[in-house]
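Single chain ahead, by itself, as C-alpha cells, in the form predicted on its own.
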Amino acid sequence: MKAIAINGSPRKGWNTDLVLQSTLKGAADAGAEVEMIHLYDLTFTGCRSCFACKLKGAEPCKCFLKDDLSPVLDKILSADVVFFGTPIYFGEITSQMHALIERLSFILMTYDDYTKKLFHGKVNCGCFYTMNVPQAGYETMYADRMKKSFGVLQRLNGTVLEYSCCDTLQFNDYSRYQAASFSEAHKRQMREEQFPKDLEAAYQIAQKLCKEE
C-alpha cells in the first residue's frame, strides 16, 4: 500500500505540515509506504492549455507538461491513499494547491463526455484545512467552498474525508507582528488544548482510509 501527503503550505514545521506528518504516521502504522511532497519546493504552473491530454489516442489521465508537477500527478493516480493539506488564505486554498487541482481536473475529464470517468482505479483521499478562523467561521464561510474546490477527487472513485483545523497559532512571538486583532493567549491555549486533538484526528482518518477496501 502506498500513501502520499501533499503539503500545499509554504511553512514547513507548522500547522499544515504537522497535520500531514500525523497522517503519514497513521498510514505507516497501518502498514503503508509513505511519502511527503511539499508543493512549494517544486517548480510548476497551472494548466497551460496545451491540450496534449485531449489529443485522440493520447494516454488517458496523463499530463504531458515537462515540469515538477507532472510526476506528482502520476503518483496521485498510482497511490492507494492521498492526503491533501492546505492553509486557507483569504477564504481559498493556496495557489500551489489550486494549480495542482486544476491540472488534476483536466487529465481526469474528456470533452467528448463530461460525465465519463477516465480513471478506473481507486484512490482514497483525506483533505485537511488549517486556518486562523474559529470552527463556526469555517462552517459558515468556507466549508462548502472547500468541498467544491476538491470536488474533482470524486473522480478517483474512493472515499473522500475532510477535516478542518481551526483557530490555529500563527507565530511563535505575536509581539513581532502587526497582529493586534488576535489574542496570543487564546491562540496558545488553542495550540495546547485543541491542536493535539487535531493531530490525533488526522492520525485516525489516515488509519481509516488505509484500512478501507
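Just so it is clear, the model here is predicted, and its values are computed rather than measured. Residues carry their position along the shown sequence, with the first being 1.
Keep in mind the form predicted in complex with a small molecule is missing from the figure; the text below concerns it.
Within 4.5 Å of any heavy atom of the small molecule in the predicted complex lies no heavy atom of Ala99. The closest non-hydrogen atom of Leu108 lies beyond 4.5 Å of the small molecule in the predicted complex.
Though the partner is left out of this view, Met131 does reach within 4.5 Å of the small molecule in the predicted complex, counting heavy atoms only. Put simply, Arg11 is close to the small molecule in the predicted complex: some heavy atom of it is within 4.5 Å. With the partner removed from view, the residue among Ser149, Ser164, Gln170, Ser70 that has a non-hydrogen atom within 4.5 Å of the small molecule in the predicted complex turns out to be Gln170.
For the options Ile76, Leu104, Cys127, Ile88, the residue carrying a heavy atom within 4.5 angstroms of the small molecule in the predicted complex is Ile88.
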